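Presented as structure tokens, the chain that follows is alone, the form predicted alone.
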Amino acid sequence: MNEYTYPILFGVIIGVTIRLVMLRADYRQYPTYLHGKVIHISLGFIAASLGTIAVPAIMELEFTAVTFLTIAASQFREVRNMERNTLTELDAYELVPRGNTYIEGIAIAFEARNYLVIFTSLLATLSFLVWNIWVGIIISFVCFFIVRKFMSGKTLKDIVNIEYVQPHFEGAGLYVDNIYIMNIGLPQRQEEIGEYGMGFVLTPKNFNVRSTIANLGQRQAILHDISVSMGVFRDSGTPALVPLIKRDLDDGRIGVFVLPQERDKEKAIKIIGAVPVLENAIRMPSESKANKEEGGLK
């Protein structure tokens, strides 16, 4: 044992703890229990070790040893690829798939969380060595709150108003409010949709949101989350019972048509409101130079 033993142990413990905080299986059941968690906890331990050991290496003027962080970066990029490939394979067997945009967001999040572990371990170890363990604990708590902030992004309830609207037929056309969804000709399917179907209209709160909810990946995320949380009345080979979202071309609203097994309007509104706003779907047309020169968009 030497002067760096306790700081290194402290940094590794803090880093692994932070990774455990960020690792939770929710309604999406990912990462799966138990093997998926073992993989990510192991990667979190490696990330914590890399961030911790970098500090003693710099203090001993072993600058070449820090270059292994670049190798770690390339390895964690492989984590993103692993998550993307795994979820894409699993998505093919979902009744209502996540979609590529949702999958890419999850994969990026897993890669980014390993970098957060590295920085947390590095700062915790550095504060331990420069000051003492109590300062290290304080810095660790600060990092913990920062990490929690990074984990909590925007949800749909922050950017749209959600209203329940009972789907209805006009001839063979299925509508949610005045938004056309699809054509259903079979009377049996129309009866099933009348019994199980639910509709929601999402109205954007500003012009930027119109582009965000128009994104096909964001729409698919809404359908997947509500179908996972409330069940779905369909099976493979029943295209007439597929949940769909269509857009009102005049004002940017979207009509959500779903067939949940649990018909609870208030719960469905809460679930839709809790759907994350996907980073890859966010658009800011009002920030363009041309729109700013014209006084912005409303």
Partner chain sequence: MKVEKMVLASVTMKRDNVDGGSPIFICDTKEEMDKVAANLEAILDGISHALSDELYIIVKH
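Remember, predicted model here, so these are calculated numbers, not experimental data. Numbering follows the first chain given and starts at 1.
Although it is not shown, the form predicted together with the partner chain is what the next lines describe.
Ok, Ser74, Gln166, Asn183, Asn132: which has a heavy atom sitting within 4.5 Å of the partner chain in the predicted complex? When the partner chain is considered in the predicted complex, the option within 4.5 Å is Asn183.
Though only this chain appears here, would Met82 touch the partner chain in the predicted complex if you measure heavy atom gaps against 4.5 Å? No, no contact at 4.5 Å.
Under a 4.5 Å heavy atom criterion, is Arg189 part of the interface with the partner chain in the predicted complex? So Arg189 counts as contacting the partner chain.
Met59 near the partner chain in the predicted complex, any heavy atom under 4.5 Å? Judged by the heavy-atom cut-off of 4.5 Å, Met59 is well away from the partner chain in the predicted complex.
Do Ala172 and the partner chain come within 4.5 Å of each other in the predicted complex, heavy atoms counted? Answer yes; at least one heavy atom of Ala172 falls within 4.5 Å of the partner chain in the predicted complex.
Heavy atoms within 4.5 Å of the partner chain in the predicted complex: which of the stretches 43 to 51, 249 to 257, 235 to 243, 263 to 271 has them? Of the options, only 235 to 243 has residues within 4.5 Å of the partner.
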